[in-house]
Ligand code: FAD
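As structure tokens, one chain now follows by itself in the form predicted on its own.
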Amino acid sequence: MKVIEHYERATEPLLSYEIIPPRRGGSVAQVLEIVEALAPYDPPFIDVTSHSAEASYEEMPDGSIRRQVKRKRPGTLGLCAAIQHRFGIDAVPHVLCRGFTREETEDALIELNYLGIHNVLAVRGDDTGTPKVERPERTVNDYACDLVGQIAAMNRGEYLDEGLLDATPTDFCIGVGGYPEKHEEAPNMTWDVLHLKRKVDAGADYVVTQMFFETQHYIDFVERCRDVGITVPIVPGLKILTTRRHLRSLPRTFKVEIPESLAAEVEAARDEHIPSIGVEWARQQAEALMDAGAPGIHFYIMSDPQHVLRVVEPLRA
């Protein structure tokens, strides 16, 4: 089922999740254990992130430096296939602009279509410092709205090879990202929301937000989106703060604000008490968001679902 159909048919807010593939050479068993832990809670869908190639530098015995470019977390498509066909949970692979050509993207979308996976989240992707080297016959999507346009074109049966006859249309539901606290590259919030509208106008069916810790940010963001004519579902994304290090790493990495009251409580707490503080904050935030009319909550999970399940259990009671 398409993600947008889940939201259209829902009689109460939906709880969905996002996981990451294992590192190169790692076992998929741990990731599948996360899915097994989530399955009893009937997730409508699970997102699987995608990662483009990154540059790494290794010092050799002779003192020289070797530069390597490789994907550290491959396997998004295979993991999505395992989730959908082993667990019967709709999988949503992330499809990136950065690190992939439009031709590679089309190939990946064709594979997803063959696998019966008809949901994707179209995102620009992080800047890894290793731009894709373009060959003359290859092209790239510079922005997420370009990527959405490519996927929407395939849904109309329009492929990169314009000479194809009777090309079969795909049937992808397209999600995109939104930023309640503004994307770091946007000059202002108005510009950012109008850019989001361009993604929706290009064919996006729903929006999932970046994590945030202040509920009012989401409420204000949704109001701004509705004011410019964005009518698709806007799903809030939440991350549970579980360590003292998150006070610095989350704002630095994701450009989000930690509310003063939460930061002060975490800073004053013993290490073993911090996860409970984060769980309670997320639970109250999720309840407030659902009361405010959010269509669901999308939880960002790294490698351990235990804290998210502590939030989810009382929400389902």
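Keep in mind the model is a prediction, meaning the values are calculated, not measured. Numbering starts at 1 and follows the sequence shown.
The form predicted together with ligand FAD exists for this protein as well; it is not shown, and the discussion that follows is about that form.
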Looking in the model of the complex, any heavy atom of residue 192 within 4.5 Å of ligand FAD?
-> yes
Counting only non-hydrogen atoms and a 4.5 angstroms cut-off, does residue 103 reach ligand FAD in the model of the complex?
-> no
Spell out, yes or no, whether the shortest heavy atom distance between residue 179 and ligand FAD in the model of the complex is within 4.5 Å.
-> yes
Is the gap between residue 124 and ligand FAD in the model of the complex 4.5 Å or less for some heavy atom pair?
-> yes
Name the stretch: of 214-222, 140-148, 243-251, 82-90, exactly one has residues whose heavy atoms fall within 4.5 Å of ligand FAD in the model of the complex.
-> 140-148
Heavy atom within 4.5 Å of ligand FAD in the model of the complex: which of 158, 111, 185, 201 fits that? Just give me the one.
-> 185
Checked 201-226 against ligand FAD in the model of the complex; residues with a heavy atom within 4.5 Å, sequence order, are 208, 209, 210
